[in-house]
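Two forms of a single protein chain come next, each set out by itself as structure tokens; they are called structure 1 and structure 2.
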Structure 1
């Protein structure tokens, strides 16, 4: 069932409310609620998010101006259309200075009403999209393509497309670097929610003290640095999909609140007392064995069962090596700076096929990227590949690369060099580097300390 936009009509004239609701509900894209005064409207706004509010100015108890100010402070993405008489156009213009989107004069035509509401809905969507962009700055459209011709990967794709048509909670299990986020994105784009936000939360990269605020938002003054109200990502994702990546890293303090949200769709902002409700589909992923985490007392059993309604397992790359040639071709196209991408020699490809890829597809991508930079012509040879690959493939080296083993590095030396290379590539941004390496920021910090890697102070 397609997601509907939530419209709230606030007017103390029953006849006006009736006509507005009739005309808007004729369109299958709107779900309409009504309120007869400002106080009732504020209570409804506390209970659920609205995309657009049609608001009368002159009402008993709490007037439209107070409701408008309330919406602008607490629900900044909600668009407000003022309902006014012809004689009150001046007042309507003043409300636009306070943040109203537009106004409609009574009597209005049906075409004028629907056109104004449609524009307000579109602005609301654009505002939400801007919020989502904060969490997807470096994403490219090609980054969502799933490359895999093996039967096991095609089975994952078929399963993802099949369950996309439901709103079932889906848990994606697999080692780091296998493409769990790509599968989550495929589920979203194959669903009826595809035209609404796809919001990603990396639970491992956000400190425990901030994760609740990121998910559910906070009220002004909820803590020292909360100088303004902030909408949580569950509100940003309303109507769409929320992807909880590395959900196994959520602390036991936040787990009960996440469980309550999964069971009811209700949440409270940090520092708030009002329960709110959103329409969001939840997808999650982790590289941990959550059953073992439950047994160790680090993960709630009831939360595991709630997340585990449907499970998709993504196999490590070593179990689907027939995908490697196609992945290599894809990364060569992606990483080459010229119109004619580089190609790989048969010997180099044999090394890639015989290597077990502990870092999975993400490691393969980084290897190809480094090889593109190191190769001196249009062909990538075995000597252009990292020693980690050459040394681990049965100890057999191609003739062209034997000179590269005169000094054999320890695994720790290799790891240190790889971390240094990744830090330099990301301009020493630790969050981006940890994501690239498939480890948590805390683990990266400990590695930097262990290997005494120099990180410039910004």
Structure 2
């Protein structure tokens, strides 16, 4: 079922409403609701966000201007088209100063109407995309290909693609760095919702006190710092997919609210009284064992059962080492700046295959990235690999690498060097560096302080 755009028509002349509704519903794209006056419109708007509102100005009880102001304050991304008589175009222009997108003057032609609504819908989509971009920040979207030849990874991809067609809630379980986010992304892009937002909420990185308002939004004045109304991510994701990452970290305070939302699709903004509804598909992930969290009293059992209707498990890399060669090739291609990617020596590959990869694919990606930079020619050799890998594997070291163990650095020294190296590589951009290292900007900041790393001031 493709997502339809929600349109609200507000006019006190039943004939006008009837005609507009007919013309818009003819196009399969729109789902249309109607209201006879401003008061009814505001009630409907309280219950769900609309993409576009067609609004008459002169109506009994509450007039169009009031509704327009309400929409601008509470639904900043909703686009408003004013319905007006030719004689009253002046008022219409006034309303555009208040934030209406456009106006249609009666009598209008069908083409005119559809074109204006079409543009408003498009603008709404773009504004939402813009919001989404803010949340996705600099996530590189090109890098979403899932590599995995092992039977287990093939199974994961098959299940993800199959389940994508339904609206089922899917839980993705696996140790850190195994590609949970990639799988969530695959489910979204293989679904009918792919042209709508994919919004990621990292439940672990948002403080408890803020998570509720991040998710569900807040009304102006809901708390001291709430100087303006803010839409929650569930609204931003409307029509699309909301990925609750690290869902095991949601506090017991927020869990009941999330549960209610999953059960009914309804939510309230913080400080708001009205229940609102959105159409969002939920995915979640964690590297915790949620069953254990339930036993420890940190996670509600009923919420767990809601979330794990379908569970996709991703195995740690050490249990599917046959994936390593193709992953290495993939990362060599991704990290080498030139058209001809570097290759890897047989010995170095042996080391990679023997190592246990506690940080899974993310660790492998970082190792390859580092090795590409360290190697002086086209070939990556054992000496270009971090000592941890060389040290931790059993058995004797390959000949070419023995000198590397002569001076043993402490783990802290290695970490310090690695951070310095990564900072330089990213031009001392801390956000990019923390992303590359797979740690939060705050952790990076603390480590920079701990190791007294000098960062030039821009």
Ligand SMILES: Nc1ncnc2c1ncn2[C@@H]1O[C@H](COP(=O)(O)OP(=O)(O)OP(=O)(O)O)[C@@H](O)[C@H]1O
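Keep in mind the model is a prediction, meaning the values are calculated, not measured. Residue numbers count along the first chain shown, from 1. Between two forms, the rigid core is the largest collection of C-alphas that superpose within 1.5 Å.
Please match the form predicted together with this ligand to structure 1 or structure 2. The chain shown second - structure 2 - is the form that fits the description.
So that I can tell if residue 431 moves, could you say whether its C-alpha shifts by at least 2 Å between the two structures after the core superposition? Shift at residue 431: 2 Å or more after core fit.
When the two forms are laid on each other by their rigid core, does residue 21 show a Cα shift of 2 Å or more between the two structures? No, the C-alpha moves less than 2 Å.
Verify the C-alpha shift of residue 419 between the two structures: is it 2 Å or more after superposing the core? Passes the 2 Å threshold, so yes.
With the two forms matched on the core, what distance in Å separates the two CA positions of residue 450 between the two structures? It moves 8.9 Å at the C-alpha.
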